[in-house]
Structure formats: C-alpha cells, structure tokens
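A single chain, nothing else alongside it, follows as structure tokens in the form predicted alone.
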C-alpha cells in the first residue's frame, strides 16, 4: 500500500513496511550465520499485524515484556513465548493459564520465586536473569555460588522443563559509536563466559532439553557478528530503529522504519520555531542528548512515498502533553503553512508505538 498524505489529519505513526521487513530479514540472516536462534522481542511493536511479518506465528519464538502482552500474542497463534521480565507472583493464575497451551518461558532473579514456580500446574521453562553490567535487574554475574544454587533448585522442581540464563546488556544504549557498542559486547560476553565456565557440567536432562543462554539488545545484535556462549539472541527495536539507535551507531538513517506525521499548528519565525500537534502523549518524553542539547525527535525530508534524509537543522526540542516545539531556521518556518505535515523520527520507537497504539503501514518501494 502506498502512503496517502491527504488522509492524515492528526498525529499519526507511519511504519515503512519495506524497511521493517528488510530489517527483519537482515537480523534473521545474522542469527543464522552466527548459529544462534532468534527470538525477537515484540514489546517494540506490540502489533499482531507486524508480528506476522516475522514469520508464521506458530513457528516464531518471541519475547514479550508483560503477561498481558503474552496473552495478546498467544490468543493470535504464538505458542513459544518468553516473558522477559522478572516473575510477578500475583500473576500466577494468568501464568498457569498461558502454560496450559503455550511453551512458556519465565524469568526469575530471586530465590523467593521458587515457591511460586512450585504452584504451577503445567511445565514451563525458566531462565535466571544475570546482570553483566546494566544494573537494572538480575543477579550480579560474579555471584557464582548463588546462581549455581538457584539453577540447582530449579532442577528439583518438576514443573521446570528447561533451565537457562538470560542477559540483557541494556547499557549498550549508552554507547557511543560502533566501538562503544563493541566494548559493551566484549565485556558482557566475557563475563557471561566466565559464569558459564563456573557452572557445573549440564546434567543429562539439560543435555536433552538444552540449556538456554539467551542474550540480546538491539545495538549489539545489530553491529556484532558473534555471540559467545549464547544459544539465542533477543533483540526487538531493530524492526523499526529510531533516533536513539542512530546516535548510538546501531543503524543508519535509511534503516529507520517508523516516524510520526504531525500537523503544524503554530509558526514563530522570530524565534526560529514551529509548534506541531504531537506531544508527550504521542512521542513519550524519551530524548537523545546531543552536543546541541536534548532532542526528542528529528524532522525528515518528506517524500512522495515516505521520508528521506534528515532535515538537519529541524529538531524537536520540547514536548508538553499535546504540543511539540521544533527548532528550525526562520526561512524554513516561513515556508510552512498551518496544517502542513512534518515527518518526525522519534527518540524511542518502542515508547511511541506503546503511546499511540495505532499506525499506518505503507510500502516505500
């Protein structure tokens, strides 16, 4: 489907299906070459339609970030689902229901969760989250005895069919350039390998079922070619990419498959600004730190079939609930009319999709 600009009347998420499917194919080829399984993280798009671009639901393992999201995709045919956030005991009834008809993987990072796992009525897979430097959740990678003890305790629970470990090197989002991404990847991989070498040799059951080592974040999965110790990678944002990923060095402008079209509602050439209808409720408040200051989005050249290169001097510098303030040269401001659409790549595509929910998919090629 081609994009019809005349039908857009309010802030609208645009998804370039051609670019997104190219990104999906690129990551699938990379995983195959690296000889690891690919488990895309569907929290980025949270869409049944886009999820089907990755392959047949019944044959596509996925990760999600909530039980609600797991239920959404399970209801539409996905059957191999990893809830990649620490287990919440209050959701035991929902987990029992999902495990009754899905190959469900749960994430834990504390001994307290063992009692909840023992109350499950159906088999599940369980991975222990390991923190290799991000500092969000997970057992510190140096806690070898505690990690071994937790894995041993899982082996004694009949409901746990497969064990493993999980790493999310989220600190790669603070890297600068490919060299910075490489440093995070090398450090995280070395720490994971040291941990794996300290674990006991897999038992016969683990050999048969497979000991899972799940890693992944979009910057390292996009730029690195090998994943030491891993049996699967778990990137998500690569389907769209965004301004943050571009500044990190994880992608090129031509890879970005999501933008927001926003109508101009005010013009101020005397202060080099325009205001669009498109604020925090559409973009979120995530920002990218640049040498010129914080920006929430980058205006792109609008084309007949989508967008092209960045309009370098036009950036979103402020967001309130419904308003977006854009800095640009006065000559650009004067060339615009009220109601003109500006195409803006957001700082964080995951949060933009979560905030907006709806989107318009089109083919640029």
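Numbering follows the first chain given and starts at 1. Keep in mind that what you see is a predicted model, and the values were worked out from it rather than measured.
As for the form predicted in complex with another copy of the chain, it is not shown, yet the points below apply to it.
Joint contact, 271, 277 and 320 to another copy of the chain in the predicted complex, by non-hydrogen atom at 4.5 Å:
Yes, all three are in contact.
Hey, in the predicted complex, is residue 339 touching another copy of the chain, heavy atoms inside 4.5 Å?
Close contact exists here: in the predicted complex, residue 339 approaches another copy of the chain to within 4.5 Å, heavy atoms only.
Would residue 91 show up as a contact with another copy of the chain in the predicted complex if we use heavy atoms at 4.5 Å?
Because a heavy atom of residue 91 falls inside 4.5 Å of another copy of the chain in the predicted complex, the answer is yes.
Does any heavy atom of residue 252 come within 4.5 Å of a heavy atom of another copy of the chain in the predicted complex?
No, residue 252 stays farther than 4.5 Å from another copy of the chain in the predicted complex.
Using a 4.5 Å heavy atom cut-off, state whether residue 137 contacts another copy of the chain in the predicted complex.
Taking the distances in the predicted complex, the answer for residue 137 is yes, it comes within 4.5 Å of another copy of the chain.
Among the candidate stretches 184-192, 148-156, 282-290, 228-236, which one is within 4.5 Å of another copy of the chain in the predicted complex when only heavy atoms are counted?
That would be 282-290.
Within 4.5 Å of another copy of the chain in the predicted complex, heavy atoms considered, which of 85, 102, 196, 295?
Exactly one listed residue reaches within 4.5 Å, namely 85.
Consider the chain as shown here, without its partner, and state which of 142, 71, 96, 80 has a heavy atom within 4.5 Å of another copy of the chain in the predicted complex.
Contact check passes for 71.
Residues in 34-69 close to another copy of the chain in the predicted complex, defined by a heavy atom within 4.5 Å, in order
Going through 34-69 in order - heavy atoms within 4.5 Å of another copy of the chain in the predicted complex - the hits are 43, 46, 65, 66, 67, 68, 69.
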